[in-house]
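Next up: a single chain in structure tokens, the form predicted on its own.
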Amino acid sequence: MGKDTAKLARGPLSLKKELTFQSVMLNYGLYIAMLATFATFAIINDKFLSLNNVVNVFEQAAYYLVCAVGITFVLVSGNNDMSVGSQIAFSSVIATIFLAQGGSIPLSMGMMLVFALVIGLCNGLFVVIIGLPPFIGTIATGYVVRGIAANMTKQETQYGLPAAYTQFAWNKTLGLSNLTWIAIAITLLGLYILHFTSFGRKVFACGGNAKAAEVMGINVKRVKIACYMISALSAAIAAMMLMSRLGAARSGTAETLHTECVAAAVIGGTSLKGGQGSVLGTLLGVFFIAMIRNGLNSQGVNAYWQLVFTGGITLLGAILDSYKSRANAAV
């Protein structure tokens, strides 16, 4: 990979612009909104920014963060994955049924990872090889796997997980839950792969300009399929975490998770058009949404209004992304 590839693989921080009000608002407007929102909730509730509350919120959002890190790869590559919530429902139901019948925990995890690779590969084949729009290809996959889970369970919640499995989520090391440590590990791994490896540079290149990436010898199709498989693996790990925390599984779980993950990535600066984004930005987006929900819950705000707020923030992020893309194209 030469200098041209490096140019294609640049993230948002590599753009050198004059520091104007417009550029500040385009690049940092959402972060300013985050700080303003946090300040408002901190004034209303003096426990909002307490260490205990922050740690609890992060623990609750741990599985969500893991899934969002995987989706960031797909978004940066120029695609989308609308099946992650259904993947979590499917793999968690299959694993819970298996464990309830006396299956071993390591084997159940292995099954979930294998299913994830197959589903991720199918998404990649549908979108990248056959050429279906990501919206159609991945949502169809999601309907299929969630439908299988619903048929297997008759839409009833599945119980029977071993005590060792359910206790894992609540055990703590150095003051943090095991799920929190897993989320931190996955985030650091995703950060390293996407931003410090040749594969990560290829992902940015494919999302920025697929034709130019092909000319430079990058196997664009292989890279994009690999991103779908990474997203699926992240969803499988998130399913393991959610099973452990809830102690059960059901076919209707995580129905809005894809939207939440994309919202977090967009809030964190990932472009819906590909070629731009960061794992740290996604981390900030997840933390922001989780903390805002916590603040709204503390004020007794209806859960449906929380969805409205999340949608509004996502829309703002998408609008800023669109303006930034136009500004970059004009340079």
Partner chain sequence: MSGLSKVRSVVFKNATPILLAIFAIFVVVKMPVFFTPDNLISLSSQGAIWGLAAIGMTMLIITGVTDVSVGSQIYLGGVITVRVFQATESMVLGLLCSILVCMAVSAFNGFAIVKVGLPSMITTLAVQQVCNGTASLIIGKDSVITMPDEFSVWGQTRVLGLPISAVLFLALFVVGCVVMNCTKFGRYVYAIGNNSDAMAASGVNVFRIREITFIITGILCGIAGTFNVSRIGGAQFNMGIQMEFSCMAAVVVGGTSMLGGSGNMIGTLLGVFVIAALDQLLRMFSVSVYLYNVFWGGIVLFTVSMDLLKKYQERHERELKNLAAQEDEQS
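Residue numbers count along the first chain shown, from 1. The model shown is predicted, which means the values in this text are computed figures rather than measured ones.
The same protein also exists as the form predicted in complex with the partner chain; that form is not shown, yet it is the one meant from here on.
With the partner omitted here, the residue from Leu121, Ile148, Ile97, Leu113 that has a non-hydrogen atom within 4.5 angstroms of the partner chain in the model of the complex is Ile148. The candidate site formed by Leu107, Leu117 and Leu283 is entirely out of contact with the partner chain in the model of the complex, as no residue has a non-hydrogen atom within 4.5 angstroms of it. By the criterion of a heavy atom within 4.5 Å, Asn302 is counted among the residues contacting the partner chain in the model of the complex.
Within 4.5 Å of some heavy atom of the partner chain in the model of the complex lies at least one heavy atom of Val262. Contact annotation: Gly131 falls within 4.5 Å of the partner chain in the model of the complex, judged by heavy atom distances. Ala226 falls outside the set of residues with a heavy atom inside 4.5 Å of the partner chain in the model of the complex. In the model of the complex, no residue of 173-208 lies within 4.5 Å of the partner chain by any heavy atom.
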